[in-house]
Each structure stands twice: as C-alpha cells, then as structure tokens.
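We begin with a single chain expressed as structure tokens, specifically the form predicted on its own.
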C-alpha cells in the first residue's frame, strides 16, 4: 500500500508553459446528464474545466444545454441525438468521461456501446456512475483496459466485481482489478485506487461533510481534467483524488456541508498554488 500525500500534487501539477495553446492542455469529452440528472454532468464539466482542461465538450440531453452554457460558457455542447457529430467529436478527444447522470435507458446504452467500440489506443476512458451499471449488466469488454478508469462507489463496485460489501477487501479488490485490467478508483470515506503499477494507493483525506450529492461527479470531472493536461498515468489519477479531498477538508473547517461546486470553485487557486510550489 502507498499512502497519498501532498508530494503527489508537487509531482503531478506543473506550471503552464508560456508557449502553449488550448490543445496543449487536452481535449476532454464528457457524456451524461439525461433529463432527470442534468446536474451531474454539469458538476463534472465544471470540475474538468476549472482544473485546467484545454477544451471541454459535453454531450448531454437538450434540456441541459441552456443551464450548461449559463454556468459554463467555456464548454461546447452536443445533444444525445447528434450521432454524426458525436462520432466526430469522440475521434478528436484525448479523454472521454461517460456516466455522470447518464441513466439506464436505450439512449444511454447506445452511447456507451459507441464509446467503447470507438475508443482509440491513445485515448483514455473514464467510466462513472450509471455507465458502470450498464457495463456490468451487459457484460461488456474493454478494448484498451490499460487506458480505462472505473470510478465506482461500493454498490457499483459490487455490480462490476461481484464482490459484496463484506468481501471488498484490498486483497479481493486487487484481484478483481487485475482481471479487469482497468484502473479502479473505489470511492468511500477513504477512497482507494487499484492499479497494476502499484499495489494500491490509499487516500487518507476526506470528511463527512463531503457526503453530498454530486461529490463523485466532481471527482470524475477532476480526473478527466487532470488526465487531459498532465501525464496519463496512475499518479495523475492519484493527484486528482487527493486534491479533491484536500480541498474538501479545507472547506469543512468552515462549513458543515461541503458542496461539490465549492470544490470546483477552489480548483484554480489550488492548481496555481501547487504549480508555484513545485517551482
């Protein structure tokens, strides 16, 4: 076991080079937010953008387009029905996140199938929320497991791994991760990251104030934003997980409840802080 510390932030977060452009910091495509759960993908998009991703496109139900552009004019947006445009946008992506608020209907299933089928070897795919449930129910396989990250909570991990809560030990979780081949960010009061490169990363931070709706959506968006602009490896994922909880702990010192949107709002400050400290 390796315990995450501030060192992971100094290792991963770098200053933005003077000679750079939007493409320098990656193209992220986020898929989710049906008519009922539009807030989920908005929170993911906000975290992705405010952590520093260069270009972010959101594929979501039409009902969510105006709220998205009102809150995040930086984001580009497509509707679930725009099949040809979705295909073109996915081809240009460095990072794809699918699942926050996606739902379990036939449109959601079709989007997941399309995403899995067309993933390129150089693209990283993050599977979150209801996309994990669909993946588990349909017994899909991964074309590029080494470039895939699942971000389940414990109930979603039970569906994906077949391990009930009592059997979700580090040893069992690690064995299931090896079979899947993908990286696993298992969310709980102490999130753990499983990957073949390390035995596992344990996050010592986090607090009960973070037990609010949308916290996982924000974390998924941060992971997408980090992978878009930094090295694409397990350390970058670990840095996103650690910073998410670090900001949450700082906010909890002043607040009874820590809102996911407050974490996203704080991200630009913390990204600069750790980039400056590295220098």
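All figures in this text were calculated on a predicted structure; none of them were measured in a lab. Positions refer to the first chain, counted from 1.
One more form of this protein should be noted, the form predicted together with a further copy of the same chain, which is absent from this view; the next part is about it.
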> Of 135-143, 183-191, 121-129, 170-178, which is the one stretch near a further copy of the same chain in the predicted complex, taking non-hydrogen atoms within 4.5 angstroms as near?
Replying inline: 183-191
> Though a further copy of the same chain is not shown, can you say which of 227, 241, 247, 49 has a heavy atom within 4.5 Å of it in the predicted complex?
Replying inline: 49
> Within 4.5 Å of a further copy of the same chain in the predicted complex: all of 13, 67 and 211, by heavy atom?
Replying inline: yes
> residue 43 near a further copy of the same chain in the predicted complex, any heavy atom under 4.5 Å?
Replying inline: yes
> Looking in the predicted complex, any heavy atom of residue 55 within 4.5 Å of a further copy of the same chain?
Replying inline: yes
> Is residue 85 one of the residues lying within 4.5 Å of a further copy of the same chain in the predicted complex, judged by heavy atom distances?
Replying inline: yes
>> Against a further copy of the same chain in the predicted complex, would residue 89 count as a contact residue? Criterion: heavy atoms within 4.5 Å.
In response: yes
> Since the partner is left out here, which residues of 250-275 would have a heavy atom within 4.5 Å of a further copy of the same chain in the predicted complex?
Replying inline: 252, 253, 254, 255, 256, 257, 259, 260, 261, 268, 269, 271, 272, 275
